[in-house]
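Next comes just one chain, in structure tokens: the form predicted alone.
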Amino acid sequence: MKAKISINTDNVISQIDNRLYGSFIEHLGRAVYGGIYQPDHETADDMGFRRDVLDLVKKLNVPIVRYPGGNFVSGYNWEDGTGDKALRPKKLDLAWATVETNQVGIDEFQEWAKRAGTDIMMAVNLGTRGADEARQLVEYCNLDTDTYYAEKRRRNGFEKPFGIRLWCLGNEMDGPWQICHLTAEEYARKACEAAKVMKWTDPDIELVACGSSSKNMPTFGEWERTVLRECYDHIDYLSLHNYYGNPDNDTPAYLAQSMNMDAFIKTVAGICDEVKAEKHSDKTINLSFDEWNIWFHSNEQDKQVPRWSYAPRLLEDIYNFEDALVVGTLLITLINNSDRVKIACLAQLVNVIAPIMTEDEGCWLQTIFYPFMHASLFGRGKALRPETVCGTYDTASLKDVPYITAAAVENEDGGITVFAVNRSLDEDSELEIGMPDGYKLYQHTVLDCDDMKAVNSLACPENIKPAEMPVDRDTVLGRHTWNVLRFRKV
């Protein structure tokens, strides 16, 4: 099989917002307790954060982390996670039927974020609470005034504001599973009023309104229109959520699912522009794809978890090699839509559908860690629109799926990075890359495995890991591989 990827530095999609490579920590399962926070662990620092986990998070160079949820946030009282730990209440978390100790809250998490070298995307509770609690939280986090909630932060030991700039107006409020689920009209009014008082409190923040929980929601489309028509002047982004899986064990169809992500993004962007035209507005609403990942492996085991457990093993998908390839195709899709998708969050970061797993004995990296790390490290700069010529295949629901999917980024150092996945299960691809004059390939990193179902584990943490290919020969994209090709000017 032969393919060609042509790169033109004049064919720019967009400057990539670094927040495209964000992630997510929810109070769910072992993401917080036993994940980022384990005060009795041998690697714990002075605040109880696992330093081995922090080291791995830093390797991903995650620019922003969404917190504290997720479904959890719709029943969360933020004050419970502040102040004296000895006085913090244990509460029932109805979202995940667990017990929340509140030993970690915004006081601790903002410090963890600093130590991890990341910013916070803070979600407010628009389920059981509303505009009043949201504005109070903004004051607590961001203001340097001599008013009640800013003084409350100081009394809790934090003289300087946390400076959280990006905020979510609730979570998945279109979903019947959500605590205090709302109709589109109800959410739109509630979000609009919360947005107004939050920005009146701190005009420098940015706000993300809830879009649909997935493109398969029966209200998809009309939900977006209703929310945008009500909130347009007060918000900056609209969210998208979607998870992908292979429950039917149809690998070719699974590898094609990034085309569904692409269509989802373009449809929502089109709705945003439709409402922009209705309003005769000069303002463009961009997108925050703030929940995306693979999620299906753990569905059955999660049904066995007893109710009201503390930090149980929930949503602990163990990712195989084909999952890593799909994550690679999804990252390529996000880069190729970076003109509209400015923020994206791999859900989640530690233990819960995550690239990083922990046990008392240590940490290990899941297969999906590597494409995410490569994109985060080398996918910053200007996204270029590659022209890819290759063969195609059909699935039951998608036609003309290209065997090769690729993204290209002109990096800040003047080099160019090409990310490419060969979806073919049978054939290597001889690749011709048409580059501007003066560029030379100097690094070709590959994630490859003959066994599509192979996994990493604590016992075999390097069963699947990247390898460096020789660059002094014709470029080949091996069958079912993730590839990072880096070029420098000569």
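Counting begins at 1, following the sequence as shown. Note that the structure is a prediction, hence the values are computed from the model and not measured.
Note that the form predicted together with alpha-L-arabinofuranose isn't included here; everything after this is about it.
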Task: Location of alpha-L-arabinofuranose contact in the predicted bound form, chosen stretch of 65 to 73, 442 to 450, 455 to 463, 38 to 46 [non-hydrogen atom, 4.5 Å] - done: 65 to 73
TODO: Could you tell me if all three of 243, 315 and 353 have a heavy atom no more than 4.5 Å from alpha-L-arabinofuranose in the predicted bound form?
DONE: yes
Open item on the list: My question is simply whether residue 171 lines the interface with alpha-L-arabinofuranose in the predicted bound form - judged by any non-hydrogen atom within 4.5 Å.
Closed with: yes
Open item on the list: Even though the partner isn't displayed, in the predicted bound form is residue 57 close enough to alpha-L-arabinofuranose, meaning a heavy atom within 4.5 Å?
Closed with: no
- [ ] Please run the contact check for residue 28 against alpha-L-arabinofuranose in the predicted bound form: heavy atoms, 4.5 angstroms, yes or no?
- [x] yes
TODO: Please check if residue 348 has a heavy atom lying within 4.5 Å of any heavy atom of alpha-L-arabinofuranose in the predicted bound form.
DONE: yes
Task: Residue (of 291, 224, 100, 323) lying close to alpha-L-arabinofuranose in the predicted bound form, criterion heavy atoms within 4.5 Å - done: 291
Open item on the list: Give me the residue from 177, 308, 200, 148 that has a heavy atom within 4.5 Å of alpha-L-arabinofuranose in the predicted bound form.
Closed with: 177
